[in-house]
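Only one chain is shown below, in structure tokens, and it's the form predicted on its own.
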């Protein structure tokens, strides 16, 4: 299954047969006070710096989230999208819980974006699926619904099936549905990672769709987060993860190594290129 995203001219193919595509997570005000203050001042230089750093660290797609308390994201998200696309030719993942902000960004975006995210709640499906259809965007389907978050992988699969069914019924091609299996903190729930890994396996096996997730969520509140994230990343890729949302500075080496081990990097070209880029 291939999900194709585009920037102004650049095309990125997310493929269930690999190699793994990295969606850079860093343009997000969470725990980044400097980003909040610069955006409040109408200064996009720090946004551009974060984009440049991630692209240099091998991000293939950039997640763009400008949400913080009091922000007018209907105005700020499309402004940020325009600034990024004026400076970089890279596909974007539009990240906001506000459908109006997503629509405003889609109206100005060049190329084919990824919407982060739709979920199984009825209001989410009704608000965002028509936008994806109208603007030709792909969607991330988060496996939660009106009953909340289930800890049963089989029920998460059912929600993924529901999102896929509703998207296809709306006229969205199945390859434009990417599933997020929900990665949650292992410090709060001992079985959290096992639940997510089994959900990834089921979605990969039963639906054949591309799969994403917030790759650092599992280590929240724990020491040595990078080691935990790297171990979980390798296991997730083995089970079917294809396009994690992560910090490329911290995770690219693990992803390239895993791709190489899984025979997705002929003659170790991508692994060596990444190594040389860090020298």
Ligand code: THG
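No experiment lies behind these values; they were computed from the predicted model shown. Residue numbers count along the first chain shown, from 1.
The form predicted in complex with the ligand exists for this protein as well; it is not shown, and the discussion that follows is about that form.
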Item to check | Contact flag, residue 157 vs the ligand in the predicted bound form, heavy atom cut 4.5 Å | outcome: no
Checklist entry - Is residue 245 close enough to the ligand in the predicted bound form to count, meaning some heavy atom within 4.5 Å? => result yes
Checklist entry - in the predicted bound form, does residue 140 have a heavy atom within 4.5 Å of the ligand? => result yes
Item to check | 4.5 angstroms heavy atom contact with the ligand in the predicted bound form for residue 240 | outcome: no
Checklist outcome for this item: Only hit among 56, 37, 224, 30 for heavy atom within 4.5 Å of the ligand in the predicted bound form is 30
Checklist outcome for this item: For the ligand in the predicted bound form, the stretch among 41-49, 231-239, 212-220, 66-74 with residues bearing a heavy atom within 4.5 Å is 212-220
Item to check | Heavy atom contacts to the ligand in the predicted bound form at 4.5 Å, residues of 95-123 in sequence order | outcome: 95, 116
